[in-house]
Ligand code: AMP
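In structure tokens, one chain follows: the form predicted alone.
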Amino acid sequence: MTQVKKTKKTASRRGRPSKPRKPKFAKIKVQLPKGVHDILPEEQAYWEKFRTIVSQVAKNYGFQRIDVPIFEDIRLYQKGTGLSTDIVQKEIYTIKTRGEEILALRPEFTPGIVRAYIEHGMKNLPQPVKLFTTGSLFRHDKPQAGRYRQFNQIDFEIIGDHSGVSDAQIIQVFLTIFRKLGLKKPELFINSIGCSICVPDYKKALLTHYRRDINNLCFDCKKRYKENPLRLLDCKKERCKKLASKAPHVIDFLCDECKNHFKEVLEFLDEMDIAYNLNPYLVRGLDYYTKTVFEIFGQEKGSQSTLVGGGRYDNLVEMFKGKSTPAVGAAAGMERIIEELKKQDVKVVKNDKPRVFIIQLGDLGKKKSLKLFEEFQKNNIKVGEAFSKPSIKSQLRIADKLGSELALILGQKEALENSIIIRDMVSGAQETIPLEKIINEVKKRLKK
């Protein structure tokens, strides 16, 4: 019989099991969708400071927080924001549900807040109702510098007051936020676009002005000429801006009520020493505005550098079948403001580094350290740790990098003796104390 020679391969198969094969996965490159962005840990100090200041200012000025859904019936924006606006025509994200509903991701806050005001009977509360919110908005816009498809805003609304003092207070709220953030030289531009009584005469004058140059208008402005002539003044294209610069001023067509209201707003701003620029061509891009409209810029001026935009919307509540209710509000882009803070080199102090760091050695030391860590949490003392690191050298290095003042060392010996070493990270001096006294000892040292 011919003897078969055992090869390495056959011996391996018969003698010991072969290594299991790694499963094969289809690999894909994952990255952000176009027009959105991550807010990384190193950026969070700006965001935390911003949100904290917004909440403080809102509380000081008597605004209450409201949160509205991230999506609504699309008709809310078609009717409220306006069918002829760029937001509704070009930028809105829609969702068709299984029940054939058409919903929209919110592109702005005001219509949703007004819907909540009506739906929850806020007209029965003491007026005016002062509300604020923060959160994400969505617009399918062409991504540009400072313009994202998912972005964040802060929004303040005063519903139920016709006086110019509310217009002035909304402006004052945002300028106060900027001052507390450390933003330098914000610049306010303001105008009045009238009401349903005086604006028809102005529209006629505007159409007359543009009629002879209608063929020179951009595609969008040709549509605006027919649908919403006021938006002709809002075009950012150079050829249209030149025509707008020679257009009649809306302020010359205001009725007595609108003139008096605008005069009142400016007088309140003067009284508060708030500087402003009158801009007769400022109209804003939303259909619901009446009377006062305004924008606030940082150091740069341009369509992509508006930090705040807002105005009065006295007809919106009634448009949604509510009782006729005057209102005014404004919103600010958080990304743009944070970018402006960076441009102006405004420093944000990061106070989140732990002044105390727990260092553990051995299994028993680690177990006791976990319990001690929780004790510090209960006493509202922020402590650092590196429980995944086994060596004292690597843990001390991390404590030093974080700038911790005290290191608490718990090894096997200390754990058995119910003691702990407290080390001054500056001088290097060490002292062993009973474990039950460590919380009070740390509090005493941190006070010094």
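Keep in mind that what you see is a predicted model, and the values were worked out from it rather than measured. So that there is no doubt, residue numbering starts at 1 and follows the sequence shown.
Absent from the display: the form predicted in complex with this ligand. The rest refers to it.
With this ligand omitted here, the record of contacts in the model of the complex names 328-336 of 256-264, 122-130, 195-203, 328-336, defined by a heavy atom within 4.5 Å.
Shown without its partner, this chain lists Y210, Y117, Y77, F151 as candidates; in the model of the complex, only F151 has a non-hydrogen atom within 4.5 angstroms of this ligand. Taking G112, G160, G309, G82 one by one, only a single residue has any non-hydrogen atom within 4.5 Å of this ligand in the model of the complex, and it is G309. At least one heavy atom of R147 is located within 4.5 Å of this ligand in the model of the complex. In the model of the complex, no heavy atom of K366 sits within 4.5 Å of this ligand. Among residues of the shown chain, R231 is not one whose heavy atoms approach this ligand to within 4.5 Å in the model of the complex. Residue contact with this ligand in the model of the complex: R284 places a heavy atom within 4.5 Å of it.
Counting a residue when any of its non-hydrogen atoms is within 4.5 Å of this ligand in the model of the complex, there are no hits in 395-434.
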